[in-house]
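Just one chain follows, in the form predicted on its own, and it is written as structure tokens.
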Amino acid sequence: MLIRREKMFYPAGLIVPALVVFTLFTIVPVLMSLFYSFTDWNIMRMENPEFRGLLNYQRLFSDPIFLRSLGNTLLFAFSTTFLKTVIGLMLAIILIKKVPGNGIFRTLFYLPCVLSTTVVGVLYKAILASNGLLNNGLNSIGLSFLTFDWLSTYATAITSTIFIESWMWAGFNMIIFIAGLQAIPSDYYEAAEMEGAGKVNTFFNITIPLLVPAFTVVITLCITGGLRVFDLIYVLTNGGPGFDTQVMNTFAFRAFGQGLLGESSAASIVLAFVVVTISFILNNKLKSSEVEA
């Protein structure tokens, strides 16, 4: 009887510490942010914030800088998700084959995602500066007419951040896709070959449908990571030039730095709602498309 009771309480004993930590460092801060988003909490009213209802949210959606940051966040998230997914899948298809140096190439492509985002941002900021490595390299080979301050305009700045993010995480997606490809039984390909199916038909009718679970993981991670982007943008452009590359997290951080704590909390809640909504819709859509091998 005692042993049975110990077995019954053993899982709870493992879960409770994790639940306590999750509650203290995730649930409580979210609930506090939700509460303060309805107040005029600011640096001048730290102790006695007044209830303002939806005024913070109304101000946000009438603020062109916030709307710009919302658009940039969605653009960044969906663009990087597309690039990281496509590049990761292509690398996985190439490196799934047993060729000499396969492991080395997998390691090289995976390596960027273990680097600190701050370090990557500082590195690429030095590369893309007006007197940086890229322009110096172009000058040295006689292509000085191509030199440009790559972070000085919206088009080149936002494009640079998108490609840097894709470069960092495509290798991570590659590993997930390789695991998915290895899980597909070879019987399907043998049967397709016997039926005379070409490589293109095999890819779209066997490989892609059976890779949907891997797509679910990859796209969900990419979308949530892209929507929550902060450090890369902050280090690389600091939301500039002007407010052109501002995203929702940098907007919330900027409002917090100005002492507008209620407005910053409201922006964070809007971001959380966007992340949860988009992730939920995509995850359900992809889950419904999964087939069993």
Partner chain sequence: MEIMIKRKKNIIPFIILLGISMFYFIPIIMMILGSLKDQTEAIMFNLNLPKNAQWKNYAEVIKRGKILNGYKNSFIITSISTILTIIVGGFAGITISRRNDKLSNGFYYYFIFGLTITLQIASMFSLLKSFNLYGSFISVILIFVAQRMPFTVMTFTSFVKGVPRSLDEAAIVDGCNVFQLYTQILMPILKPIILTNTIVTIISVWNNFNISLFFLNSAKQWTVSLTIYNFYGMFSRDWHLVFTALVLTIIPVVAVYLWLQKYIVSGMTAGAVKG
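Every value quoted in this text rests on a predicted model; they were computed, and no experiment measured them. Positions refer to the first chain, counted from 1.
There is another form of this protein, the form predicted in complex with the partner chain, and it is not shown here; the text below is about that form.
Trainee: Only one of these stretches, 163-171, 186-194, 72-80, 201-209, has heavy atoms within 4.5 Å of the partner chain in the predicted bound form; which one is it?
Mentor: Only one stretch qualifies here: 163-171.
Trainee: Does the 4.5 Å heavy atom contact test between F38 and the partner chain in the predicted bound form come out positive?
Mentor: Judged by the heavy-atom cut-off of 4.5 Å, F38 is well away from the partner chain in the predicted bound form.
Trainee: Heavy atom to heavy atom, is S116 within 4.5 Å of the partner chain in the predicted bound form?
Mentor: Although the partner chain is absent here, S116 would touch it in the predicted bound form, with heavy atoms inside 4.5 Å.
Trainee: How about L138 - does it come within 4.5 Å of the partner chain in the predicted bound form, if we only consider non-hydrogen atoms?
Mentor: Flag for L138 set to no.
Trainee: Decide whether T107 counts as a contact residue for the partner chain in the predicted bound form under a heavy atom distance cut-off of 4.5 Å.
Mentor: It does: once the partner chain is placed as it appears in the predicted bound form, T107 has a heavy atom within 4.5 Å of it.
Trainee: Of I219, L95, L89, I158, which one comes within 4.5 Å of the partner chain in the predicted bound form, counting heavy atoms only?
Mentor: The option sitting close enough to the partner is L95.
Trainee: Given a 4.5 Å distance limit between heavy atoms, list every residue of 254-281 close to the partner chain in the predicted bound form, or none if there are none.
Mentor: Sequence-ordered list: F256, L261, S268, L271, A272, V275, V276, S279.
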